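Shown next as structure tokens: one chain only, the form predicted alone.
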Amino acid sequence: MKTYSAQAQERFSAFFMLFPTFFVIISFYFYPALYNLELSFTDMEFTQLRTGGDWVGFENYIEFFTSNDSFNVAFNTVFWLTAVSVTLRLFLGLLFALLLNSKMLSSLKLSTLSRLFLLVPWATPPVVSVIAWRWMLEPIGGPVNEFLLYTGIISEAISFTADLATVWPTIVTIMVWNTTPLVAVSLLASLQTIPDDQIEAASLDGATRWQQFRFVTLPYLMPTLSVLCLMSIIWTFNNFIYVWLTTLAGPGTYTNVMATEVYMKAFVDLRLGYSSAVGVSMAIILAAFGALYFRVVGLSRMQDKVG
């Protein structure tokens, strides 16, 4: 049995070895975060970088949450950018994973080729994905419009990134196309860890395909789905690239989200203090969601263990 002095020495050694990592994290994360929090309580502008801004308290936060555009920004961020795209990503990723793991593709010797094709969107950088999709969706000369006009599905070209009826579905489509393979590959790895004897036992007991999926496959996938759901929401809620490169938050400010609001207030309107307040609000919302999410997941797992 280790003495108290030996345990203390081990703890000191562990702390000494981890200290450089802690120092880097504090230097590159906590200090900028605290500085951003300080800026959010000032009226700092780019013209005041040397002198600093004046203290305004919660004025920036009040302005953001009471402005006429705040509801539109919040709705776009929560509903279109996050809820719709993450739901589609998880649903399609699960379908692709089940398809790639099916015996049908194995019998046709298409498993390897299918997985290779699935990885192509994931391997494509988001910037390249947006540029390629914008070219395909061009109203004049774009392959998508040319095909729809040729087949008679539409009578005139559609400006997918400028029409209010199609702009958000377009952004969501680009995001889902580029990010679904990661979900599919992760779920495919989890599917391949399920013991075959459990599936066979359920089949012998007379379980249908749906019952096998509901009571055998899905419980094995839930830990992976939980992590993917949380990470997807965090990545998507903070995302800037897809909206900005596709529409520049337009038409007008129709597709403006919190990430693009931070950018425009800081680098277009030059209001660093207000931009910092929006950024801090995003961090608080995500922190609250993460705490709630882990609380719900933790309770469900405790109930499963008790059951």
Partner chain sequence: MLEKSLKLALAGLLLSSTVSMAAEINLQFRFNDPQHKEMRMALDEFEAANPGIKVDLKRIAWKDARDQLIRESAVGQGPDVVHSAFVWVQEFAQSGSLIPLEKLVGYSPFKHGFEDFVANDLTYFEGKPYGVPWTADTWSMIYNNNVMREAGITSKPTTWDEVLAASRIIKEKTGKIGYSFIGGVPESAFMVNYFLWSNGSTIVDDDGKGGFKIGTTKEQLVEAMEYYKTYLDEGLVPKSILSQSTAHDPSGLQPILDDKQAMAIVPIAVIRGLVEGYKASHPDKPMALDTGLTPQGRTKGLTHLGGRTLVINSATKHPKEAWLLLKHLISPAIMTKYYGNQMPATKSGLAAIKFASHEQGFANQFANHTRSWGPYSRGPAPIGQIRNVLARSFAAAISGQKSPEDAAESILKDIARMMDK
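Positions refer to the first chain, counted from 1. Just so it is clear, the model here is predicted, and its values are computed rather than measured.
One more form of this protein, predicted in complex with the partner chain, exists but is not displayed; see below.
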| property | result |
| --- | --- |
| Heavy atom within 4.5 Å of the partner chain in the predicted complex - the one residue of Ile26, Ile241, Leu270, Ala33 that qualifies | Leu270 |
| Ile140, Val128, Ile153, Leu116 - the one with a heavy atom within 4.5 Å of the partner chain in the predicted complex | Ile140 |
| Proximity to the partner chain in the predicted complex (heavy atom, within 4.5 Å), stretch among 158-166, 224-232, 117-125, 206-214 | 158-166 |
| Contact label in the predicted complex: Gly57 to the partner chain, heavy atom within 4.5 Å | no |
| is_contact(Ser106, the partner chain) in the predicted complex, heavy atom dist at most 4.5 Å | no |
| Distance check, Thr87 to the partner chain in the predicted complex, heavy atom within 4.5 Å | no |
| Touches the partner chain in the predicted complex: Asp43 (any heavy atom, 4.5 Å) | yes |
| Within 51-70, the residues that have a heavy atom no more than 4.5 Å from the partner chain in the predicted complex | Glu63, Asp69 |
